[in-house]
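One chain is shown next in structure tokens, namely the form predicted alone.
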Amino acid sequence: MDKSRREALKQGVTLATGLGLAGSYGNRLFAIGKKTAPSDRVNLALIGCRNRGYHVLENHLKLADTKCVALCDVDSEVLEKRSAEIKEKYGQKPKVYTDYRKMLENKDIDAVIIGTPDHWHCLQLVHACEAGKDVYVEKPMANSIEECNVMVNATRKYKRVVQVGQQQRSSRHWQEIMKTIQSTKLGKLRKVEMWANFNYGVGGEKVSDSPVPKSVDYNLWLGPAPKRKTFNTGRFHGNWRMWWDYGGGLMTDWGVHLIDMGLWAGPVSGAPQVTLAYGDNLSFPDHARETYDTMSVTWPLTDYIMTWEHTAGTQNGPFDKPYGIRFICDKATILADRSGYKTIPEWDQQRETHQAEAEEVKRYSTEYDMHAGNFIDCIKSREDPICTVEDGRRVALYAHMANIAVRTGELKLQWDDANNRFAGSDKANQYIAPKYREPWVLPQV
């Protein structure tokens, strides 16, 4: 984006704040049926159009000051389908690309949404930053610790606005929870317990290898990941997340959302000093996966304890919730998920009264849309968004370290953040940085 266009965008922005936190969107106009001056419009491009990436794009296109000018996907069928939908629903005709590097040469693009599998996030973000584009990158921020480090460096070196797709930070009820806990009116926060149990965590049913679909550039889909001699749908659309080369299972998928809330409550600004974890594949042998269907993790933090549990292949959990989080304080516990939260007070036996006020709040904001609005406002203001690249790195480290502890069999890992390595574990240190397949190279920023 050239300087004059950026200044025009900046002049048109109206920033809103809520509960002392960055937020926007509430007073925005919806895009459909509204007109905005081209000089005040942010031109968006999407890399990875099949599922989550496309939904994120639609959250942005609800805003009157956005336009989709480019789509990129290695599957021509997906690309054709999404291009037609954009034209039908929004009256826009984006240019289409199969190679994101060619797309980034398009000078009309202001910002890029990255919705590809996790192993692609680092390269695409760095290249977008180098090209002068701002970036919305889906979570987890990357598929390894070192890739997260590189992405932070690139964001700051090229002075880009990067929003990480941990959209719960933009939700009003999660913001209220953080304000309540940090006010200490419920007493000291002592423990944060998180869980997420979903059927998809066991991967897809085992199937035989098959030919690569004619519409797919499979070599480009693999990118920096190791070359595969055969193609299997069990490692592809909808299933890639359960294979280490491309994702980290439930731990890095749902885990980052809830871990982010657990850290925000502190607030905790650093990487975990100690990670204790056990996991295994204990069930569903007819399903294909490498990541673990069953995990238990503990992070002993400076001021409180944080735990994670998942049992993939089940759809239930504590309080009859498939996922959730408990913030346990001296005077009350807050039980929360995306539908809202409930404050459960402790009983004071001497005074014969509750130590806090019981409260139940239903969800009253759409964090997906709020997160998109915050990103667009920050593109114009050049301020940091509500989920910075540092926020994305921090929570990704907690999730990756849990997986690494189990993969190595170490079960307990100690992290030396100053030197970006595990103390006393050569096996764990081998998992810090990925080995990219030629000709791809892990960027040095």
Ligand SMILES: NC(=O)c1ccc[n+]([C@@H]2O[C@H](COP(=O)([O-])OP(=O)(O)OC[C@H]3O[C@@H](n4cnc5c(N)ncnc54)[C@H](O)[C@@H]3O)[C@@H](O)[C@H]2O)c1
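Just so you know, these numbers come straight off a predicted model, no measurement behind them. When you see a residue number, it is the position in the sequence shown, counting from 1.
Omitted here: the form predicted together with the ligand. The next part is about that form.
- The candidate site formed by Asn51, Gln124 and Trp240 is fully in contact with the ligand in the predicted complex, as each residue has a non-hydrogen atom within 4.5 angstroms of it.
- With the ligand left out of view, the stretch that reaches within 4.5 Å of it through heavy atoms in the predicted complex is, among 388-396, 411-419, 52-60, 375-383, 52-60.
- For the options Arg289, Arg169, Lys133, Lys139, the residue carrying a heavy atom within 4.5 angstroms of the ligand in the predicted complex is Lys139.
- With the partner removed from view, the residue among Ile305, Val207, Leu220, Ala358 that has a non-hydrogen atom within 4.5 Å of the ligand in the predicted complex turns out to be Leu220.
- Looking at Val112, you'd find every heavy atom of it more than 4.5 angstroms from the ligand in the predicted complex.
- Proximity of Thr116 to the ligand in the predicted complex: non-hydrogen atoms within 4.5 Å are present.
- In the predicted complex, Ile47 approaches the ligand with a heavy atom inside 4.5 Å.
- Taking the partner from elsewhere, Asp73 is found to have a heavy atom lying within 4.5 Å of the ligand in the predicted complex.
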